[in-house]
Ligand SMILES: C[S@@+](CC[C@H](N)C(=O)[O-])C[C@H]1O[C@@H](n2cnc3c(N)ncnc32)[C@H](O)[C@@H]1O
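Only one chain comes next, encoded as structure tokens, the form predicted on its own.
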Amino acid sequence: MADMTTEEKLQGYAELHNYGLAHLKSSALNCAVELGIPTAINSCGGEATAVDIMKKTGLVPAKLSHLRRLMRVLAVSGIFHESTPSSLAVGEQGETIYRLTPASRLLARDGKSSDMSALLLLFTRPDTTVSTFFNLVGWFRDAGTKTPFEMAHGMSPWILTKMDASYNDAMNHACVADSDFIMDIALKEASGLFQGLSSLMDVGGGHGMVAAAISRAFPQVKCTVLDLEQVISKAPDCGTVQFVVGDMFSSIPPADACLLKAVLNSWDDDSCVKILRRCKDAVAEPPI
């Protein structure tokens, strides 16, 4: 292997730092959402200084310099846009102004736009999602068939939702936020998919946000959600969606079509094939 040039060495050195410390970016974003920083900027009209953010979020003044560092990390990462007032004279220093980007706009809780903060908090949840990947070396060396999540936590995510109420709530809130966001776009861009259906089974449909959106747009479609008891028990009654407690690996009630949203992402190939076979059986049977 040929010797590297000084430029190549420095480039590699910088990339190692970037990858090795990449977890700081997601940790900083998690912190910003927990503190309510995107919401604070939004409530200031879409732009705010660190002092404004400090006041809006209730942080103590002693943390102001650290808040500026946090905002700098997130600005470099593209979560916020930063600038200084254009009216400043040459050489004059002014307070940096932070504005929302498309990503952080989705994290502002204003009751109007899509709020994806629950999904982001699930992605960056330290004790479950993040810790799943702490021992990938052990997982690769293990001859068993457990997923990294099962090796880290001793059970699948769906069993954990039954055992851990906090994780169950986090999962449900994240799924609701994701479904609300996706269906707003899907019903505008791909509404033809639901034309001609009289019944639809949302497999692993959580709290029924997807099914409810379809039901509102297509009242003639009878929408049903199939999910686990710990999920269904906390689902709100929207009046237009039927909820059924069940196991998608065992059987799926019959319908004209089965909808799978992000369900297959959590399972290995064999499990996915089994779920798809249950869906095929459900569609093949005459709907009730």
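The first residue of the shown sequence is 1; numbering continues from there. The model shown is predicted, which means the values in this text are computed figures rather than measured ones.
Omitted here: the form predicted together with the named molecule. The next part is about that form.
- The site on this chain is open, since the named molecule, superimposed from its pose in the predicted bound form on the surrounding C-alphas, has no atom within 2.4 angstroms of any backbone or C-beta atom.
- With a 4.5 Å cutoff on heavy atoms, Ala48 does not count as touching the named molecule in the predicted bound form; it lies far away.
- For the chain shown alone, Pro253 is not a contact residue for the named molecule in the predicted bound form, no non-hydrogen atom being within 4.5 angstroms.
- The named molecule is not shown here, but in the predicted bound form it comes within 4.5 Å of a heavy atom of Asp247.
- Contact between Phe218 and the named molecule in the predicted bound form is not found at the 4.5 Å heavy atom cutoff.
- Across the options 127 to 135, 145 to 153, 202 to 210, 102 to 110, residues that bring heavy atoms within 4.5 Å of the named molecule in the predicted bound form belong to 202 to 210.
- Checking Cys31, Cys238, Leu64, Ala262 for any heavy atom within 4.5 Å of the named molecule in the predicted bound form turns up a single hit: Ala262.
- With the partner omitted here, the residue from Cys44, Met54, Leu70, Leu228 that has a non-hydrogen atom within 4.5 angstroms of the named molecule in the predicted bound form is Leu228.
- Taking the named molecule as positioned in the predicted bound form, the only residue of 135 to 165 that brings a heavy atom within 4.5 Å of it is Trp158.
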